[in-house]
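What follows is a single chain, given as structure tokens, in the form predicted on its own.
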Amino acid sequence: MSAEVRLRIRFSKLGKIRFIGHRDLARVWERAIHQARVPIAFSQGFTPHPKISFGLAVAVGWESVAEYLDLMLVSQMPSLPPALNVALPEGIRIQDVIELEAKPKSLSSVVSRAEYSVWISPAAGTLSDEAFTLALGEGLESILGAVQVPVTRNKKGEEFEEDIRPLIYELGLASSGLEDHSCSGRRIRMTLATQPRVLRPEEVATALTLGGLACEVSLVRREAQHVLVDGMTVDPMHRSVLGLAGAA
């Protein structure tokens, strides 16, 4: 009987480390796993690779408190979270670890939406803080009340217009909390689709600009990822998600 152990890890990526890309992030984890002497399982073949599977990539420059990866170990390691946290660079910290009872579907295939905090500032020399907050709130209400929100996208060198309104679930000014963050601007809470494609918060900001508000994104922080199960959204660590055995 195999002694392999499947784990799902939730971790944060904050501060300067947000400027590394997804491939570099994968290398950071591989180095930390090696330094922490984690009994990672490897694939078969001429070039074995550690069995690590990441969820949806976070864009370069974004922060996140809700990143996920799956690991396969050849044996249990009770001290894994503290050992890895020591080996990981500043800004990346493990928040939770859970053992998987079966092989789940890949994170990228089951996550259907994500929550973000997005700090948006007025373009230089435009509105005062009070006037900007008022105009921003009106702009967000306009997007939510619109039947269509067309934006121009560039794909493989070709531009085309797309309606992003069906991909926006929640949108509004944050009433409290995190307002003392070091970046400038007002914080907006957004819940956006990741299926059939990932809608980026910057695209919502573009829609605000097209509506006449001169603004720019100061910072994006992914706050949560959600999986749709029986009409309800749950965290990727939820037992109902972990029971979705199937294709990797």
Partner chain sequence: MLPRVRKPARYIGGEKNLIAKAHEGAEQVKFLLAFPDAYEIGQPNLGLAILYELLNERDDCLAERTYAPWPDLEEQMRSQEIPLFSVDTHMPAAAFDVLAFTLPSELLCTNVLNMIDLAGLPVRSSDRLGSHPLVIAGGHGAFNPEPLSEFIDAFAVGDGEEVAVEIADVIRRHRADESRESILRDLASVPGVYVPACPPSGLVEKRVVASLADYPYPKKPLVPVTEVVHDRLSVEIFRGCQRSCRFCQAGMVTRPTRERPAEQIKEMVRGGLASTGFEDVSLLSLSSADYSGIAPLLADMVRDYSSDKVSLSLPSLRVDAFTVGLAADIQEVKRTGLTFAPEAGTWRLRQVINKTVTDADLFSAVEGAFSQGWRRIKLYFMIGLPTETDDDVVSIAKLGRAAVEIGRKYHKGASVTLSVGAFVPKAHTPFQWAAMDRPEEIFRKVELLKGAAGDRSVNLRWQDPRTSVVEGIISRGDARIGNVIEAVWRKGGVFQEWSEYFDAELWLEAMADEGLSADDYCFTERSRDDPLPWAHIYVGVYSDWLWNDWQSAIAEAITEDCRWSDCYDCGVCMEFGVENVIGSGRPRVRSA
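Treat the numbers as computed from the prediction; the structure is a model and nothing was measured. Positions refer to the first chain, counted from 1.
There is another form of the same protein, the form predicted together with its partner chain; it is not shown, and what comes next is about it.
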**Study point:** Non-hydrogen atom within 4.5 angstroms of its partner chain in the predicted bound form for each of F19, V28 and H34
**Key:** yes
Assert contact residue (its partner chain, in the predicted bound form, non-hydrogen atom within 4.5 Å, options A57, A214, V65, V60) equals V60
With the partner omitted here, the residue among A102, A124, V86, V147 that in the predicted bound form has a heavy atom within 4.5 Å of its partner chain is V86
Per contact check vs its partner chain in the predicted bound form (non-hydrogen atom within 4.5 angstroms), the hit among 86-94, 161-169, 71-79, 127-135 is 86-94
Please check if R23 has a heavy atom lying within 4.5 Å of any heavy atom of its partner chain in the predicted bound form. yes
